[in-house]
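Next up is one chain by itself, shown in C-alpha cells, the form predicted on its own.
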C-alpha cells in the first residue's frame, strides 16, 4: 500500500481542481497516438487515425480522452485503495482489450507533459514529483492483472 502525506493529497487534489477534462483529456490521448503510433492499434475502431490532423479532429478520441480523466478522478477519490478501485479496469485492459501494459506508462508521460504545459511554472518540481508518484500508482494498478 502506498503512503500519502497530507501535502501530497492536497497537491493531487489541487492539480485536478484546475483541470478541464475536455481540454487535457483529448490532448493527452492525441499525444500518445501521435508520438507512439503503435498505440493506435487499440483505437482502430475509432476511424481514420492515419495522420496527426485526423487524430486531433477525431471526436471518439476526444471523448475517450475525457473518459481517461474521469478514470483518473476515481483514483483521486480513492487514493488509499487505487489498486482495488482499478481492478475491473485492469482486467478489462488485460483480458478483453489486450493492451500492452507498457503503454500505461507512455500515457502517463503524455498526461504529465500536457499538464505541465497547462500549469507552466505552477507545476513545480515538488508538484511534479507528487504527480509522478500518483500516476505511478495508477500505472501499477492498471498493470496488476498482467502479473
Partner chain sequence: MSLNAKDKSNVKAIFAKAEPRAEEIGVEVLSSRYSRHCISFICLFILLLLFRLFTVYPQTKSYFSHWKDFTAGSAEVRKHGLTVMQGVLRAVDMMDNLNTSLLSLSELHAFKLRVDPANFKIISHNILLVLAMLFPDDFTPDVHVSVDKFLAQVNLALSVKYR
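Residue numbers count along the first chain shown, from 1. For the two forms, the rigid core is made up of the largest set of C-alpha atoms that agree within 1.5 Å on superposition. Computed from a predicted structure; not experimentally measured.
One more form of this protein exists, namely the form predicted in complex with its partner chain; it is left out here, but the text below deals with it.
- No member of the trio 6, 79 and 90 reaches its partner chain in the model of the complex with any non-hydrogen atom inside 4.5 Å.
- Contact check for residue 113: a non-hydrogen atom falls within 4.5 Å of its partner chain in the model of the complex.
- Looking at residue 36, you'd find a heavy atom of it within 4.5 angstroms of its partner chain in the model of the complex.
- Proximity of residue 96 to its partner chain in the model of the complex falls outside the 4.5 Å heavy atom cutoff.
- Proximity of residue 126 to its partner chain in the model of the complex falls within the 4.5 Å heavy atom cutoff.
- With the partner omitted from this view, the residue of 40, 117, 63, 84 that lies near its partner chain in the model of the complex is 117 [heavy atom within 4.5 Å].
- Per the 4.5 Å heavy atom criterion, its partner chain in the model of the complex is contacted by stretch 23 to 31, the sole one of 41 to 49, 66 to 74, 96 to 104, 23 to 31.
- Shown in the overlay between the shown form and the other one, fitted on the rigid core, is a CA shift at residue 53 of 2 Å or greater.
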